[in-house]
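The chain below stands alone and is given as structure tokens, in the form predicted on its own.
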Amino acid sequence: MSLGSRFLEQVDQSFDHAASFTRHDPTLLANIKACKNLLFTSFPIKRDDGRIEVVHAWRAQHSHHKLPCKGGIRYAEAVDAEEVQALAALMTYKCALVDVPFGGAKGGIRLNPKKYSAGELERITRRYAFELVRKNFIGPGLDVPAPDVGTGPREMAWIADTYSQLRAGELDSLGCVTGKPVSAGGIRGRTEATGRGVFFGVREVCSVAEDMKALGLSTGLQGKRVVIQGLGNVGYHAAKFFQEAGAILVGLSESEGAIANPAGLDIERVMEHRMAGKRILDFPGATNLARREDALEVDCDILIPAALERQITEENAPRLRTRIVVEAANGPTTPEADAILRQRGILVVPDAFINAGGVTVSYFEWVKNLGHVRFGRMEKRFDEGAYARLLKAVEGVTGRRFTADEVERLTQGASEEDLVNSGLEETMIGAYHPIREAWKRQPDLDMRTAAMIVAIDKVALSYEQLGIFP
């Protein structure tokens, strides 16, 4: 059985377990669980040395209960049909949890992007976009991709440009994809959105005194010992925000190895060290771990797997020394490991909730593209003027004169990034409490099952309101 097949089985098991706690019609539940559309395509591309290579690619649309569908495109050697279906299903549940009006989707191309030049990747990406357009698997109201493992703003810009050429004159064409560069219709704050969302979500989890007491922890993030596996876009930004909040990074892991220091690791210095030497190993003051996977077993309060699927398994789960596992990656914990962690009293904050920051800000970008106006453009100056008049009134009443620096700080209007971050914070806080309520309603329930129950209820409500099972 392939990794993708096991991953899909894992997602379906989580769904079935959660569904058993609901009272929805079995036919409706089967409809919610099933993937609606799956596209496989292959096409030849010419390598820089003249060789012809056949590329294999997929796009899965898991749910049409809301349109468009939404989900990233990954470039990885392990991509297959089952993996994209599993990830598309997670996107459906993730969007439902944070009340983003999308159905779930996911795409992937089977390749290692490090083995291809920029020119080759552009040809592959544009041809993949052409195939999606040709099969009606992309469009602002149909299916809106985004970055994922192995892709980023550059690839999204290529997709948007290809779509715009093939759909000449379509007013909302930029809304066909999110995660674009700001100069190409993207939105400020998207790059760090998933990592920032992880931070907001964990901060809210750690704010509940009752739950922290049960784990033997104090409330808040100050002084919490954190280990992060994976220093890509998500892991790096999560590390940055946790460190700024007073948490202590005691372990870090990347593809080349892992390091640990109980006294703490400065994320910016570690990244500078890695930039200079192409690896995090041999960082001054830190201990090199024998294997990169050993970072998962470093003594900490919060463990954040932010790499790939199936990293916490039946084999290493008994050796974890943490109180909270935060699934910043998709599906990093196997069902067997999940059961062990639950038995050991370790709280698992599930991926469907905690890494939803990316799709939340993608939604903001999509809305911006459809509205054709930058957030904050119309109200920023007005707000600044109103704040300035308020300060003058305070000065008139009190006789105090504010300094120029104080005036600038106190009258600053919200920028696009300010509004995006505020919306993301509100979304993550608002999404957590229904999950917690479902979790606490039944004593034997774990947070993953509770999150899935909330997601199923929301998707089921959408279908019931439609009156049909499309």
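All residue numbers are counted from 1 along the displayed sequence. On a predicted model such as this, the values are computed, not experimentally measured, just so you know.
Keep in mind that the form predicted in complex with a small molecule is missing from the display, and what follows is about it.
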With the cut-off set at 4.5 Å between non-hydrogen atoms, does G230 touch the small molecule in the predicted complex?
yes
Can you check whether R203 is within 4.5 Å of the small molecule in the predicted complex, heavy atom basis?
no
Is there any non-hydrogen atom of T178 lying within 4.5 Å of the small molecule in the predicted complex?
no
H273 within 4.5 Å of the small molecule in the predicted complex, heavy atoms
no
Each of S255, Q311 and A328 having a non-hydrogen atom within 4.5 Å of the small molecule in the predicted complex: is that the case here?
yes
Can you pick the one in V234, A286, I324, V144 that has a heavy atom within 4.5 Å of the small molecule in the predicted complex?
V234
Would you mind picking the one in R190, R196, K224, K368 that has a heavy atom within 4.5 Å of the small molecule in the predicted complex?
R190
Can you pick the stretch from 299-307, 210-218, 259-267, 136-144 whose heavy atoms fall within 4.5 Å of the small molecule in the predicted complex?
299-307
